[in-house]
Every structure is written in C-alpha cells, then in structure tokens.
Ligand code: BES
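Quick setup: one chain, the form predicted alone, written in structure tokens, and binding and motion questions come after.
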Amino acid sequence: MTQIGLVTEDMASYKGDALVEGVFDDLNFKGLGQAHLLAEAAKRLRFKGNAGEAFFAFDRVGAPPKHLLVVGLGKRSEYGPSEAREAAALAARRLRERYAATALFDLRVEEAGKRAEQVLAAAVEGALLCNARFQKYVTDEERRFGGLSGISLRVEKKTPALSKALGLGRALAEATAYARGLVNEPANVLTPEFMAERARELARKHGFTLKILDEAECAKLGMGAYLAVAKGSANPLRFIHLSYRPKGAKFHLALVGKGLTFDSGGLSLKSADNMGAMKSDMSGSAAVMGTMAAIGTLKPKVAVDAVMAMCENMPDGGAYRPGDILTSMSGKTIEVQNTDAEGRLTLADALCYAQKRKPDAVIDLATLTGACVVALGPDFSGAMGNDQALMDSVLAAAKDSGDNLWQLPMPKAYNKYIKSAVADVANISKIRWGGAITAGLFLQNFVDEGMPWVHLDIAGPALRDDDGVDAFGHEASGAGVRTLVHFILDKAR
C-alpha cells in the first residue's frame, strides 16, 4: 500500500520525484518558485485553474530535478472535498504517466478554512484511489507499475485534527479499494465460497462475529426465493452474516448487499454483449464488505449487521423457471416472470433475515436494474425508501463523499405493475417503464411495517468502462462504501 503522510517542509526542499501545486482560478502563483514562468506557461496552455485541469509546467525542475504538475482547484470560495479529491486523483493519474515514485502535493488545505479536515481527507482518498490499479493478473512486467509508493501532503502546520483527517481518508480509501478489488476479480475466482473466505478473514482481523449458512441451513429458514436463484449453479451458495457489536452503541444498522457473483440471466438468458461485466453483480455485497473493513479500523459506536446472500444465477437443468412460484422467508409468495430479475429475489430473503436482528434501520445496496442507469446515467445511484428522515441522513452522508445519489419516488400506484394473478407479487413489472422504481417497490414488500429502510441501486457507477468523472480509472468504483461509512460515523456522534 502506498505510504502517505503530512509534511510542513517547503516545496523547494523536497527531494522526491515530483511536486504537485494546486492553483485556484485566480491564477495567483505568488509564493511558488518561478512564479512568472508558471504564469506564462498557464497562459500559453490556456490553463484557467478550473477543477479537472492540469499541466506539467516544466519537464524537469529543481535540484535534484523533479516533475512539476500544476492542478486546478476551481474557485477559492467554493473549494471543498469534491474539488480536493478530484485534484488529487487527477495528479496521481498524471504522475503515473511519468512513472514517478514519490511526490509532494500542496493542495492548499488550510485555505478551505473550517472544512480543512474534510478537504484533507478527500485529498487522501483521491490520491490513493487513483494511484491504485488492478494488475493482479497482468504478467507482462512492462505493463506492471505500482504507481506512487510515497505521497506527502503539505500543510502549514501539523495538528491532531489534520492527522485524524488523514487517518480517516486513508481508512476510507483502503475500504473502497478493498471493495473494488473484490468486484474486479473474475467470476471464475470470486465464487460464493471465495466471498465467504474473505468474510472469515475480516472476522479474524477485526473480531467480528460471523455466521456462514449453507443450502440446508437456508432451507431450514425458509429462504425459498434465494434458494431458487442459486439452484442452477455448480458453485454452492453461501449466506454471509457479519456482526459488529461495540460497547455503548448509539445506533443499530443492518446492511444488506446483493451478492450475485455472476449473473447469466438464468433461463431468461442475457445477450452475449457485455455479459462479462456481470461479474460485478455482487458490487452491493462488496460495498458492504468494504464498509465492514472500515468499521474494523475506525471502530465507531454503531452496531452493524452485514448480510449478503451470495450465489450465481446460471441456466443448467436444475435452474428455476419463468412461471415458477416461490415462497420467501417472510411467507410471501412470488411469481417468477423473468429469471433475470433475480437480485430482488435474493434480497427479499436477505432483508427478512436482517430485520430479525431488530435493527433501527436497514440499508441495502444492489446493482439491481439497468433501468436505473437509463434514468440517471453512469455517475448516479438511485435512492429509494420508506422513511424520509433516514433518506435525508443517507443523502447528507453522500454529500462530498465521492458517491452521487439521487432520490427516486416510490408511488404506491406503481404497485399495480408488479401484481400477480397467482401469487402475492410478481418479480418484474408488466410494463418496461420505471423499472428501477418497480424493483424498489418489489423490495418494499419484504420490509416490515415501521422499519426505516433505504434501497440504493448502484447499477450505474458500480463498474465503469470509462475514466469516470472523478478520474479514478476503469473498472470497479467501490460505489456506496464511503457513503455508508460517513452515515455510520454520523450516527456514532
């Protein structure tokens, strides 16, 4: 893991490979070495100091020689965590292009005033997350480069508050990277048992209580919906329950993550185009695991039950069929109209199980619907729920976290689209429109009356095939981890 720390040294005295200078849109280079040359270079390159802009001022500068990268921070009056995260991420990516091993970042942390600690934590996240790459299966040494091995963040004065912020930023980055690593694994490696083993490792490392249920144990509990989805796979299901019980807990949260380690669509087979991306259909469970990793490090006074129904959705001779009627753990019956609407079936039983722990609230995360991506695009997750106070808390936690959430409505009238003539509810809507909403309404059927609940559909941002708006790179994003951790830390205060 990249080493990262705070320094107060002058930029000119730094002995590493590269310097990163943050500049606001007023383009005030005063106090920086060779300010007039920097100003001339900015003018020549049409650099405005806006967020997302960067340029190498000189190829090699200083003694010893080093790279000098200038990054835009936007308006000084609007400088906050999002701008710092983006600037640090962009800098890490650009320095990777030059194979720099060590760098000193000056991102004007103290100029954020009361938000200095938040800005520092976000800068740590951005630098570490963009510096990381999933190269586990790349054997060509020419292509393998670990990025920056050492990052220093310059501050005017080291304070306990800034040191704590650095620790939080590092914990959030490591937890997000942990979730990303799980999602990036191929489905022939990341099976339900593989996830169970990762849960065992987390439990041993952090002292969590762990239960792992097999098919027979799930059958005893009446998890007919979950069992049906898992029937078509040669890889056996694993139902994972991690629990964290700190002394003096101020809140009790249940987290439920969708755990499809691969989704072929079952007998309602998906098209071949991009089916390989369905290794990411366990991104919700990866986010929950990443959150538990952060909890183990930060140890907040919030009790957490983390529940993940892991399985594959495959089309062999034992697979469940369209037209089947399933009985869920809650006793409600479900008509299967499409076996590719399987995630909500596994979540139905997982939600029921989680609520039996008597939490104060439930949050689930799932790559649930392509309809959510159609509605909100690749950068936003859809948020739905039955309790506006809980929803507002989740949205507040997401602000500045690096996760983009947008609340979607849950109109009762739309329940007519998931009515079944032969069962309590159908697993897919009768119409093609509003699929993210009707999927949320389906899940609400399995949430107890009076239980505060929020559902996050992370289908858009979970796996990216572009560089993303935050410059964090290709593949898994770790969507949801930082929002959940911030929510839990807020409840611990």
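Note that residue numbering begins at 1 and tracks the sequence as displayed. Since we're looking at a predicted model, the values are computed, not measured.
Although not depicted, the form predicted in complex with this ligand is the subject of the following passage.
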query	finding
Heavy atom of residue 125 within 4.5 Å of this ligand in the predicted bound form	no
Residue 258, heavy atom within 4.5 angstroms of this ligand in the predicted bound form	yes
Non-hydrogen atom contact residue 428 with this ligand in the predicted bound form at 4.5 angstroms	yes
Distance check, residue 131 to this ligand in the predicted bound form, heavy atom within 4.5 Å	no
Site check 211, 285 and 305: each within 4.5 Å of this ligand in the predicted bound form by heavy atom	no
Contact residue in the predicted bound form, chosen from 167, 207, 222, 370 - any heavy atom within 4.5 Å of this ligand	370
Proximity to this ligand in the predicted bound form, single hit among 263, 349, 403, 83 (heavy atom within 4.5 Å)	263
Partner-proximal stretch of 380-388, 140-148, 92-100, 337-345 relative to this ligand in the predicted bound form, 4.5 angstroms, heavy atom	337-345
Residues within stretch 288-327 having a non-hydrogen atom within 4.5 Å of this ligand in the predicted bound form	none
